[in-house]
Ligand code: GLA
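Here's a solo chain for you in C-alpha cells, the form predicted alone.
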Amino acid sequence: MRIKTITTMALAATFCIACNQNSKQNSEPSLKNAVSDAFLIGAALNTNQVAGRDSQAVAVIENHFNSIVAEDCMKSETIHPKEDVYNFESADAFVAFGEERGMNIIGHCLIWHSQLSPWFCVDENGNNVSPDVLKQRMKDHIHTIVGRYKGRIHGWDVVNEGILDDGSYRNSKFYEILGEEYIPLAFQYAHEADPDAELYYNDYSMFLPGRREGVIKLVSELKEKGLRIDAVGMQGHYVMGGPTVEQVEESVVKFNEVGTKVMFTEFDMALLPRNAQGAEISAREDGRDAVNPYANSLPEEVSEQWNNWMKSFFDMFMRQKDGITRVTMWGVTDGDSWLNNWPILGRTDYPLLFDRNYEPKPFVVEIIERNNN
C-alpha cells in the first residue's frame, strides 16, 4: 500500500511538472504562438533531431513548431526496402517524438516515383509487373504503413509529384503501368487503412498555371469519385527573386475558389541561383559551373534582402489564413537544409527560419514580437 501511495504521489508530481512546463511553453513568446490563430507551423525532421543528438535543434522544435513531418524515414526506399521487409525503427521514433510533445504529425510520403524501392514496380527480371500485381503491392504498402500508425498520424502525403508543369501526368512507373488510375487507388487504400486521417496531394511549382490547373482537375476527379482529399500541398521550394509572392498567392486563391484547402508543405527560400525549377531531386547540376559566394558568412545587405523576401510570403500566408491550414519548413536550421547540397554538392545556402547558430532570423523575431505583444 505504501508503495502504491508513493507511486501515485510521484505520478501526480510528474504530471504537475509536465503541466507547468506546458503552461510555460504555451505562454512563452514563440513562432507557433504568434501564428496560432492562423495556421499550424511545422518543420521536417531528420533522424539526428528525432534521436535527440542535435539537442539545440530539439529545443527550437519544441519552442517554435507544433507540427512535424519526416524528412526521409517514411519514403519507400527506407521504410520498405524489400517486398517482404519493412524498416519501422526510424519512423516509430519519429512518431513517438511527436506524440511525446503533443504535435501534429504528418506522414510523408506513400506513393512517389523518386526514392522508390527498386523492386516496387518490376519483377525479378526487371520487367514491369502487371497492373494487378502493382495494385496489390500498392495496397499492401499503404495498408501496412498507414495501418501501423492509425490514429497516431494526423495526415498523409498520399501521392507526391504526379503532375508536370503543363498539367499532364508524370510518366512514372506507376502511370506507365496503371495510368491515371494509380492516384485514386492510392487515396482509396489510404482511406481504407485509416478513415480518420487527412489525405493530401503534394507537388512543387504549383504557382505555374499549367501544373495548378492539372492539380485542380485531379482533385475534382477524386472528389467526384467520392474519395477523401483534404488539401493540396504546395511544396514551396523557391528561390529569392522568383516566383513572386503574387504568383504564389494567385494559386492559393485559385485552389480555395474550387473548395480546396492549401498547405505549404516543404517551404524554403534559397539564396543561391539554380537552373533546375521546382524540387526534382534528380536535377543535379555540374559543380564546376557553381559559385559559392557565402561559404563563410552572409553579408548584411543580402540577409536583409532575404528577410524582406521571406517576410512578404509570411504576410501573404496571414492574408490567406482562411484557406491555408499549415506551413511546414523543410528543415529546422540553415545548417541542416538539403539545399546545401542540391542541386550542386558543397554549396552553402541560407533558406530557413533559423540560422546555423539556432537563432531566429530577424523577420521571425519581428513576427514573434508583433503577435505576442
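Note that this is a predicted model, so its numbers are computed, not measured. Start at 1 with the first residue shown and count on from there.
There is another form of the same protein, the form predicted in complex with this ligand; it is not shown, and what comes next is about it.
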property	result
Options 188 to 196, 232 to 240, 296 to 304, 146 to 154; stretch whose heavy atom lies within 4.5 Å of this ligand in the predicted bound form	232 to 240
Contact check for Trp112, Asn160 and Glu266 against this ligand in the predicted bound form, heavy atom at 4.5 Å	yes
In the predicted bound form, the residue from Lys75, Lys254, Arg137, Arg101 that sits within 4.5 Å of this ligand by heavy atoms	Lys75
Partner proximity in the predicted bound form: Trp338 to this ligand, non-hydrogen atom cutoff 4.5 Å	yes
Contact of His80 with this ligand in the predicted bound form (heavy atom, 4.5 Å)	no
Partner contact for Phe317 in the predicted bound form: this ligand, 4.5 angstroms, heavy atom	no
Distance check, Arg212 to this ligand in the predicted bound form, heavy atom within 4.5 Å	no
Sequence-ordered residues of 310 to 337 touching this ligand in the predicted bound form, heavy atom within 4.5 Å	Trp330
